[in-house]
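The chain below stands alone, shown as structure tokens; this is the form predicted on its own.
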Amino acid sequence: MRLRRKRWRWRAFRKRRQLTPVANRTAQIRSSDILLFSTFRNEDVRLPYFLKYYREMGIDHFLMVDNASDDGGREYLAQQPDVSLWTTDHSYKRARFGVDWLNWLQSRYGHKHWCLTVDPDEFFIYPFCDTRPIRGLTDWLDASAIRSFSAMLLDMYPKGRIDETLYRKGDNPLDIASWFDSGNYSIYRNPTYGNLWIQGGPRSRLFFEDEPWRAPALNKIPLVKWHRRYAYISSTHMLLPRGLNLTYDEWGGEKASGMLLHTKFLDTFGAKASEELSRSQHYAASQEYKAYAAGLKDNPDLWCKWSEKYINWRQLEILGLMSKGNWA
């Protein structure tokens, strides 16, 4: 495992040459700052609310990688005073779906910082997020000697056809995609890396109904007290060293955990899925996007009679989807 980690770190070091700085403001990062890392392509419509949400949460600085956007998103981010931005037109797939780029930036700028790694359509929530900023969580994790914090990806969707409601720039996507599956999840332990592997939800029941084992993984470890020797292995699903993946209690108790509210299913999704399918830059020969293309022909209604409307984090804890553990 140590050799694997060295390999991924060396790979990230080599891939650094693919990144061209657009606005490097990392000199203003303070030693106590909480950082957010993200890659994106053509997400201009999402970026204003994304920044607003995480600024209000308490993120101090954003480190973003643009993968050849042509919709104005790069230009928008370059003007933001708390954003450092790099761009690249190299292959997303050959950079291990952006992991190599972010591993390099985390190694270079994230050392000894709490680092949150999310996509522009993911919104992190955690216990007491309605009353405590993210620094309240990281202070507690520091005091508890916990280095990593897990969050299950929860697919959010509207009630009705995906294309019925227009998403406008700056809007809260959760005002449209406010429903989720309260059950229908499977979980097992990865014997190699020790992380939990979770699948299910609307993508599994609608797009992978006949092959649920091919459904996207929903387990993530997005919040880490970073060290330059760490490395993400597959998106934010797992890391090395392996100890960072043990974010659950093996003895029958509960460790605190969060959620990533995943707002992929807006009216913009059909065009996005078509673009990504044509680019063929995603995992497993883009089989996920092939399933989306087949399932989205009629803009289906993802809602079902077991769907729940999102209220707050306490609702998700009651449903057993996240936990406050022993954080009071």
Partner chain sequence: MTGTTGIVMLIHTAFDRAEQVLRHWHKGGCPVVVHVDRSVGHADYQAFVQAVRDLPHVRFSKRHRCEWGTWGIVAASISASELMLEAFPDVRHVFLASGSCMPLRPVKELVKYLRDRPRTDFIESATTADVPWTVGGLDEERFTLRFPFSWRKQRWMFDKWVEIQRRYNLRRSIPDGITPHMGSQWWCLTRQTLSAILQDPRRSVYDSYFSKVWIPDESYFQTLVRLYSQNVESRSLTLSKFDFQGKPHIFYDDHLQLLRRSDCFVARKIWPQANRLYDTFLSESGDAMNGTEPNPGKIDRIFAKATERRTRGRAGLYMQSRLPNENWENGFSSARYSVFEGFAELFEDFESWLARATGTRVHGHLFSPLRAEFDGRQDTYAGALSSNPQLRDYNARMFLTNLIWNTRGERQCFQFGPGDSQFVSWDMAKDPNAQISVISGAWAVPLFLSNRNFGDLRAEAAELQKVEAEHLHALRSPYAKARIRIWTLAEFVEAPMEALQTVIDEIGGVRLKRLTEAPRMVDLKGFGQFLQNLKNQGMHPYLMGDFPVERSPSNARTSRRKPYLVK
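Residue numbers count along the first chain shown, from 1. Quick caveat: nothing in here was measured; it's all calculated off a predicted structure.
One more form of this protein should be noted, the form predicted together with the partner chain, which is absent from this view; the next part is about it.
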| property | result |
| --- | --- |
| The unique member of G243, G253, G72, G160 whose heavy atoms fall within 4.5 Å of the partner chain in the model of the complex | G253 |
| Among the candidates T236, S84, S204, Q106, the residue which, in the model of the complex, approaches the partner chain to within 4.5 Å (heavy atoms) | S204 |
| Contact at G136, W140 and G320 by the partner chain in the model of the complex, all three, heavy atom at most 4.5 Å | yes |
| Contact test in the model of the complex: W8 vs the partner chain, heavy atoms, 4.5 Å | no |
| The partner chain contact in the model of the complex: L47, any heavy atom under 4.5 Å | no |
| Non-hydrogen atom contact A328 with the partner chain in the model of the complex at 4.5 angstroms | yes |
| Contact test in the model of the complex: E164 vs the partner chain, heavy atoms, 4.5 Å | no |
| Options 226 to 234, 98 to 106, 254 to 262, 111 to 119; stretch whose heavy atom lies within 4.5 Å of the partner chain in the model of the complex | 254 to 262 |
| Members of 176 to 190 lying within 4.5 angstroms of the partner chain, judged by heavy atom, in the model of the complex | D181, S182, G183, N184, Y185, S186, I187, Y188, R189 |
